[in-house]
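A single chain comes next, written as structure tokens; it is the form predicted on its own.
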């Protein structure tokens, strides 16, 4: 009965047929979202580490100041990478779940529109940090703090939208109470732990990337490398531990019927939950051991576990979505008219883009490392 009532609220799927079978589009969404997450973690995690380094710095020539200067130079490029890599998964989301995503976007309209404006100012803030640096004087730290807050706002709006799109039962009440697009999903118990889980994860993964950068510098005889490794590994280790606890908070904030999917209700979801928990503990243990080995630490295993963990988390996110929406979302019933040329062209261009990004990262690294 409740599902029947809610089905009258959910808009009909787009009348245009999908350009490829839904499973193919889901796979591409997951793959491109993973690439976006890697760039976003480097950006947001790097900016937060930079802010902490600025605050802890005692002078322009100490290790913390040098660390902040190094990371700040990368920020504008990382913004560009994050935004560009975020386009594809957002388009796939709109294609596959537009009836939910567009509705929540309308309900939080002004908050959603603010993302574009806020991103412009945040992007400019990274340029100020990268190219003006110490010439900003006493305003350097406040400008950096505002820049970090702006990026956190963008992430908060995305979390609001991605959770509000699942709260179908709240849509009608929100809209008829106020149709001006001023709603946020603040009453949802999963909002805050989900958002915090994302932010802490970004700093942890950003720390791991910083450790890689520092290790390469150290192997080249650059004295700055050892400190970068230490800071990076410390962030990765301790924030991974905290994030395990936040992840459990997030899990307990889910509705009971969704939680049951991970507790035996769905074998695949239960397996993912167990794997994710074991990986999280394993990442913390490897990070803790890495702290004892200094700048010559081996980072391959922690990195491999982190990437697998990110894939597991992305998969579990879809289980949560399906658990919330249930029979309201039926992608198997979508009309499909496969555009084979476009699908093949997308795969070819995607592979080319990945190799181009790898080449660009190497070139950028060599440029950054000479400063």
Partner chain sequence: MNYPVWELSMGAGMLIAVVSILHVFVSHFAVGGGLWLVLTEARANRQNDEEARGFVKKHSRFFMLVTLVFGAISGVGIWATIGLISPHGTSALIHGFVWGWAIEWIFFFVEIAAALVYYYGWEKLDRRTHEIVGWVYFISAWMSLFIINGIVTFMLTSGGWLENHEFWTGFFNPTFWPSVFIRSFAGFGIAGMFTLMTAANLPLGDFRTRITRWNGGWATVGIAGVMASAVWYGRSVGVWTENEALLGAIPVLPKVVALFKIGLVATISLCVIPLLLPKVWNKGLVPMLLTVGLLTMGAGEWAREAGRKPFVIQGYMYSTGMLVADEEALAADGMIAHTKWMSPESLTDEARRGQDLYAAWCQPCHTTNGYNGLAPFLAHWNEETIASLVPHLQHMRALMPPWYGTEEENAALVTHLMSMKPAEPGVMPADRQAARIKSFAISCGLCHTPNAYRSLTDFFTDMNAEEIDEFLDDAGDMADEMPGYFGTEEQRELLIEYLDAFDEVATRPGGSES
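Between two forms, the rigid core is the largest collection of C-alphas that superpose within 1.5 Å. Model, not experiment: these values are computed from the prediction. Numbering follows the first chain given and starts at 1.
The form predicted together with its partner chain is left out here; the points below concern that form.
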query	finding
Per-stretch contact check against its partner chain in the model of the complex, the hit in 172 to 180, 294 to 302, 274 to 282, 213 to 221 (non-hydrogen atom, 4.5 angstroms)	172 to 180
Single option in 255, 189, 268, 109 placed near its partner chain in the model of the complex, where near means a heavy atom within 4.5 Å	109
Answer option from 103, 140, 243, 163, heavy atom within 4.5 Å of its partner chain in the model of the complex	103
Any non-hydrogen atom of residue 116 within 4.5 angstroms of its partner chain in the model of the complex	yes
Heavy atom of residue 85 within 4.5 Å of its partner chain in the model of the complex	yes
Contact of residue 149 with its partner chain in the model of the complex (heavy atom, 4.5 Å)	no
4.5 Å heavy atom contact, residue 345 and its partner chain in the model of the complex	yes
Heavy atom distance at most 4.5 Å to its partner chain in the model of the complex, all of 52, 153 and 199	no
Members of 187 to 215 lying within 4.5 angstroms of its partner chain, judged by heavy atom, in the model of the complex	none
Is_shifted residue 23 between this form and the one not shown (CA, 2 Å cut-off, rigid core)	no
